[in-house]
Each structure stands twice: as structure tokens, then as C-alpha cells.
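Just one chain follows, in the form predicted alone, and it is written as C-alpha cells.
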């Protein structure tokens, strides 16, 4: 949907003035491709990288009050930015403070247990690019430690910093490029684990009242690649996590090895494009796997298909990679081709994990 001419130009002039008054640096007409894993995307009208929650709240509050559209990006993974760019204010959220609770001996029985979706990780052996079973282990008896992490914190950096401090639980999410906010937004999964298993509560800026409030784990409505934030545009500021005082050497080994295995995935992409189908759909359709990589390769026979600079990856067909100079429109056309073929041959339409941002 086009974002053109949806706010008066004097509003954005006011926004620039007020951002400057608050000491928040910004750039105009900044190309966004360098800020994404796809390396695709046109310019932002106004771009600002913000490194603390106070300025993040201030910038978003100003945008809402002035009716200037705003877009938050973190690591720039799982997004495809339009060739024409994004109108209004684009914020790269780099607020990354971590606070470890001083409280000890938190009772496991006091922790709210999240409903964890059924895993969808069953690539058939002949197509299996990486396995997880040999890395998984149970550390539910390890003591709990509360950790607050701001939403712009780098997920890989955060995990390693916590492990160095003897705090485990997030090692399953090695190899995932992103921020804590994006990880919460999509309830990321690593092997058979979901982030929701470790989230206690989430601090948000309410878009209507412009006040901060906390959502419990259950209020976040976590599901497979889903949270309430897909429907509500409240801004994720930080989250409290229930992590473990576990075996840091074992956790480090799992993190490093899982990250190494996932390097087989195409790097110049937005990650896996499609949500794997459910086990029920797999059985109904008589397929060997829930993986869209398997379906696109072995059922739709589209592996290696290329439009412009975008290509369905030879390494893993659930990925569309930028082979060099790809446009957003090239990626979209490949996505539409996969949808068309899936409907024609299977009667189902894949659901995208990639969010389209800007003027498409």
C-alpha cells in the first residue's frame, strides 16, 4: 500500500525540529538497504538510529502526536523494504541495555508456564540441512534468574554476553540475526524451543495513551511465528526473561554448534520466507515434511528459479536470496510465483514470514 502524501509536510518539518531539540540525531533520504540483511530497499524520509529507551519513546511519541507515520526496524532481518523506500520516520532500534536481577532463589513454581506451539522441524533425512536433536537437553531444574533486556539489543551479542555471565536459556536461538524486540514480535523458534518459554513479561509504549505498561506472557498471545504485536502496534521497549543459572560451557557449545550448522542457510536474504505447514496439513496432503524448503524443491520444482537478481536458493529452497543487485519487486514476483504454484498443485497458499515495508 502506498504511503505517499499521507501527512502534511509541515508536520515532518516540526518532527525534525523537535528531534533536534531532544538531541536525537537523524538523516534525511537515507538509503535503507545497508540496514537490512537482504541489502534491498529505497530511502527513508527521516532515519534515526536510537540507542536508549528514553529517546526511543520520545521519538515515537513525537511521531504519533504529529501524525507522521513511523516504522521500527532492528537488525533488518525478516523484512523486505520497497524499492521506493518508506515514508515518514524510520527508527533503527539499537537500545540494548541488559539488567540482571539481584534476586536469588526464585521458585520455579512461581513462574508462569507458556503454552509452546508444536514444533514444525521435521525435514526428511535426504533433504535435512541441519539437525537439532543431538543438541537439545533439559535444564529446567537449574536455578532461575530474572533478566531485563531492551528491545534493540542484538540477539547474538546478548546470548553470548549472558552465557559468559553464567546465564543460559537462550542458546537455542543461535544463528538467528535480529534483536530482542524482533524475536519477541515473531516468537522466534530455535530447534524445538520458542522464545515464549523464557519471556516473563513485556514492557510496551501504548500507542493510544502514550503511557508505558507491562503485558504478561499470556497477554502476548504467543504462537507459531506470532504474538499480539502482529495485531497491536504498541512499541516493545524491553522484556523481563526467566533464564537459568545453567551449565555455561554446555550452553556455549550448543550455541556455537547450532550457529555453525545454520550458516548453511543463505546469508543475503531475509531468512526463511515461509512458515512451515502444520503437521495436520502435512498428513492431509500426504507430504513427507512440513518444510517449505522441501515443498518448493521436491513438489513445486522451483529450486533455483531466478527473477532479476533474486533467486530461490539452491542451498535451501525456503529462502529467496539476493544474488547481487536484486530489487524488492524481483523478490515479490518470486513469492507470487511460489504462491501460484502452491495453490495450483496443493490447494494451499504459503504464509509469509517476511514483512513488506514501504511503498509497494
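Residue numbers count along the first chain shown, from 1. None of the values given here were measured: they were computed from a predicted structure.
The protein also exists as the form predicted in complex with a small molecule; that form is not presented, and the subsequent description refers to it.
Taking 90, 163, 176, 220 one by one, only a single residue has any non-hydrogen atom within 4.5 Å of the small molecule in the predicted complex, and it is 176. With the partner omitted here, the residue from 185, 255, 241, 274 that has a non-hydrogen atom within 4.5 angstroms of the small molecule in the predicted complex is 185. Screening 243 to 251, 135 to 143, 209 to 217, 177 to 185 for residues having heavy atoms within 4.5 Å of the small molecule in the predicted complex returns a single hit, 177 to 185.
Using a 4.5 angstroms threshold between heavy atoms, residue 282 stays clear of the small molecule in the predicted complex. Interface residue remark: residue 84 is not counted as part of the site for the small molecule in the predicted complex, having no heavy atom within 4.5 Å. Taking the partner from the other structure, the small molecule in the predicted complex has no heavy atom within 4.5 Å of any heavy atom of residue 278. Among residues of the shown chain, residue 37 is one whose heavy atoms approach the small molecule to within 4.5 Å in the predicted complex.
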